[in-house]
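Just the one chain here, the form predicted alone, laid out as structure tokens.
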């Protein structure tokens, strides 16, 4: 009788996503093969470690975390540094993984030379757009046929409620036109690549509508844009089910592809601005309470991704495992976070089993 009770409890826990069967040979990509690709952001260094094996088992798509951004790949006007991006693309090619490119135009990790002329003065609009075209053409052409989708413009919308576009150097020098031009240049370089506008805090109703306005305006103007990337940097306290459902419903109205491009679920309440460490930040234990809430949020997210499967064409996690995450340094530098489905030893967390139960 006791054995029967224990067996029944084990099955119930598995169904609830609270156990970790050890015999499964399937990965996330297999559980979701009839819904959408499952991707992961990687560094070239990770592909030389035991994380490479995990990537091949669990994922069928990759995004370079930093290696294709403007600063790392084009540090000076006359120099391109291809080594790291090439190694990631080569890994994807060898192992038949889909490849997303990230990102062609962004206000961060952009070298200062782009915005200044030979005398150190602000570059003219004509010069800056020409540099943008040369950059996009060089990068997209190099990976033509190997990168199926690009985050063309990243985070151009302002976080300020009363401001539409971010007051970046791109906007100051070129005006709003730079956004459409970036998509035009990317399409000319690879007419077969899918082109996305990518942004964060998309669940906020005010910012959501600004993103919607921008993407719809580009589409209506005939700009070659194929989708919107919703980053998905979320936390234990957001989004709510209603908030995420309404967000996915709203962007579905565009008639374009939706991808969740940078998914992680922080185990701390959401904060949007970097700050110094406080006394309470030094206790960064992954508690049972945090674990339980993270399971709940991940399960809810994937239930809604499944609900909106006709609009969603990909989900990408931002980093591989809790061994390393950009959230270890943001918003609190040096505070350890545990935002992913695999722990520091690359073992599936309980949230993993909750997520893989969703397609059934």
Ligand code: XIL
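These numbers come from a predicted model, not from an experiment. Positions refer to the first chain, counted from 1.
Same protein, other form: the form predicted in complex with the named molecule, not shown, and the subject of what follows.
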**Q.** Segment assignment from 183 to 191, 104 to 112, 221 to 229, 237 to 245: heavy atom within 4.5 Å of the named molecule in the model of the complex
**A.** 104 to 112
(Q) Each of 159, 202 and 270 having a non-hydrogen atom within 4.5 Å of the named molecule in the model of the complex: is that the case here? (A) no
(Q) With a cut-off of 4.5 Å between heavy atoms, is residue 313 one of the residues that contacts the named molecule in the model of the complex? (A) no
Q) Taking 4.5 angstroms as the cut-off for heavy atoms, does residue 233 touch the named molecule in the model of the complex? A) yes
Q. Even though the named molecule is not shown here, does residue 65 get within 4.5 Å of it in the model of the complex, heavy atoms only?
A. yes
Q. Looking at the partner-bound form in the model of the complex, is residue 29 within 4.5 Å of the named molecule by any heavy atom?
A. no
(Q) Just to confirm, with a 4.5 Å cut-off on non-hydrogen atoms, which of 36, 59, 318, 305 contacts the named molecule in the model of the complex? (A) 318
Q) Out of 253 to 270, which residues reach within 4.5 Å of the named molecule in the model of the complex, heavy atoms considered? A) 262
